[in-house]
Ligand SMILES: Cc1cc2nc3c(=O)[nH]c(=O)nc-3n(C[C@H](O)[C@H](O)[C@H](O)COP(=O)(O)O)c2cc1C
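Single chain ahead, by itself, as structure tokens, in the form predicted alone.
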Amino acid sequence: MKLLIINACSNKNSKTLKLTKDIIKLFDNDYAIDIINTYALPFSFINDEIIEKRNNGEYDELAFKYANMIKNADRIIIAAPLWDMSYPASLKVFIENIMIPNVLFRYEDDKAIGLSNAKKLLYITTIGGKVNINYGFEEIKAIANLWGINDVNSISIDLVDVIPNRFEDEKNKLINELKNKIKEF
């Protein structure tokens, strides 16, 4: 099975990335793992030039590559810290570039049909403070549904910048809870 990790963490010391790496270790050798680092990609935000090309059916080759990785994955994990009530801009730019019709979704009459093989998506995040709603997760959930992925879940640890040692304590509890559940993913 293919597991695709979409890493939207800006640095190697990211708490979200640390949590994601510990969760990935639970998968043993059950999956072939591919990783996309959104910060390492040469994509730019969608502009008039890109829109004009798309209107003529022209898409970036790299965008096709990553869209096909999403399409062909069996499971997807997105690692993205909460930034300003959502997720980092690098993830937004990535998503805008890889949203290619007839690769990840198509329209049949007036209904979108998802084309991804993935059955499950897990969104992993850490939150410095406390929020009532994570708009980033809600948006990712809607995007995943467009791709045809309806089993979308989130794992998060909040207050990691407010309460000393909270991240490590909560991470350890979470990893212990997931040890027996990870096979369900």
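In this text, residue numbers run from 1 along the sequence as written. Quick caveat, the model's predicted, so the values are computed rather than measured.
Another form exists, predicted together with the named molecule; not displayed. Remarks below refer to it.
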Give a yes/no on whether Ile127 approaches the named molecule to within 4.5 Å in the predicted bound form, heavy atoms considered. yes
4.5 Å heavy atom contact, Asn176 and the named molecule in the predicted bound form: no
Counting only non-hydrogen atoms and a 4.5 angstroms cut-off, does Val93 reach the named molecule in the predicted bound form? no
I'd like to know if Val160 sits close to the named molecule in the predicted bound form, meaning any non-hydrogen atom pair within 4.5 angstroms. yes
Sort through 69 to 77, 111 to 119, 98 to 106, 84 to 92 and report the only stretch with a non-hydrogen atom within 4.5 Å of the named molecule in the predicted bound form. 84 to 92
